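Below, in structure tokens: the form predicted on its own, a single chain.
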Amino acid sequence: MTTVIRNGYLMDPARQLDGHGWVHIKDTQIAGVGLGEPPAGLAADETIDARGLVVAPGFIDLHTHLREPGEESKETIESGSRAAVAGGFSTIVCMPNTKPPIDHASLVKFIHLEAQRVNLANVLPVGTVSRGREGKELADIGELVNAGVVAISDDGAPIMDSGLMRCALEYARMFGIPVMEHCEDLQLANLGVMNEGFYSTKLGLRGAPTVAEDVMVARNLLLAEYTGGRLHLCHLSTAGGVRMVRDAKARGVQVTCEVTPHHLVLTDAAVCDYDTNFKMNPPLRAEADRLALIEGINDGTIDAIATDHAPHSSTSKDVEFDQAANGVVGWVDCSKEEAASWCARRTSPWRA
């Protein structure tokens, strides 16, 4: 079976392709690709006209939560993989805050086996930094790496103990993997449920200041510089964080970072009607922070856009704002125009 995709807009940085072209597929494998028209005489059992569409390699999502094991009612490796490939993602990195957390080699092997059974997306597991994600003692990082983790993280639970974070970076360096860190000083965040600022004051909701994130970004960058370990900062959301990462990269610190789509297009103004879909962690920030994130993408400071896909049941969102789980319950039955209109009503202002 051979297929030719033609007239699509090819985007493939690895092959330096950026323009209209063609793709030749033979027996599920890419047999050829190029700009312009396909070679004369190229035979195909099927021809797909991709005019008006982008043709690109499968995307990689650096930050997802598949909920399995333990919370299969919210998501499974199979349902998460199906969602990934439907959205164009061929590889997803799954975080370890499952129940139980991925702090043992047997759980890593389970994820690999289940992903192989499903046989849709490549699923790359992340192991915990600490046992039980409790932030008290290191997990058996060597065993986790041997079982197949690609990084370590206590995502959702910041590593408050600086000594433990230092050890994590040193151990991770020995095994050639990064530490993926959720940057939040819990004392400074003070149980805030949205960004601290004008809107939190107006709405009477407890705010979490940007400095709660910035303090931990600074600490982690200093520790990465001191240890020589590889650091990846998850879901960066503040202008201060972007500035510090930019400066650290200029000094040669081994740091990468990601930003989420919602922090790029929404601000804390979206919370004005107490819609729990806009309660998330880190919280939606001010317009100045949003613009700084976009600037960070444009100048290469921010390395990737990651979804932070983290399914919840609707019952965990249909409650008072203070009690709601963090995250957006998404939907698929809307047009691009409807989505843009929806965002425009909830930002200050929204820009595509």
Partner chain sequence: MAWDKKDLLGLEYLSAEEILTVLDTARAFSEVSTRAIKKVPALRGKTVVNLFYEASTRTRASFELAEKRLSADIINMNVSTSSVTKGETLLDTVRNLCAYKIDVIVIRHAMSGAPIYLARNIECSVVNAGDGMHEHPTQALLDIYTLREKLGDLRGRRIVIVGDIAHSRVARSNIWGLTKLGAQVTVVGPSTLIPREIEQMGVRVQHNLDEALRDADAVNMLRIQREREKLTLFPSLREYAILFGLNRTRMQGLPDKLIVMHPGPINRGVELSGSVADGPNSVILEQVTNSLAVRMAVLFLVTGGTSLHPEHMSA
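Positions refer to the first chain, counted from 1. None of the values given here were measured: they were computed from a predicted structure.
This protein has a second form, the form predicted together with the partner chain, left out of what is shown; the following refers to that one.
Partner contacts here mean any heavy atom within 4.5 Å of the partner chain in the model of the complex, and among 298-306, 44-52, 29-37, 319-327 they occur only in 319-327.
Taking a 4.5 Å heavy atom cutoff to the partner chain in the model of the complex, the contact residue among L205, V255, I159, A115 is L205. Out of the listed residues G197, G135, G240, G192, G197 is the one that sits within 4.5 Å of the partner chain in the model of the complex by at least one heavy atom. Proximity of D273 to the partner chain in the model of the complex: non-hydrogen atoms within 4.5 Å are present.
Mapping the unseen interface onto this chain, T201 counts among the residues with a heavy atom inside 4.5 Å of the partner chain in the model of the complex.
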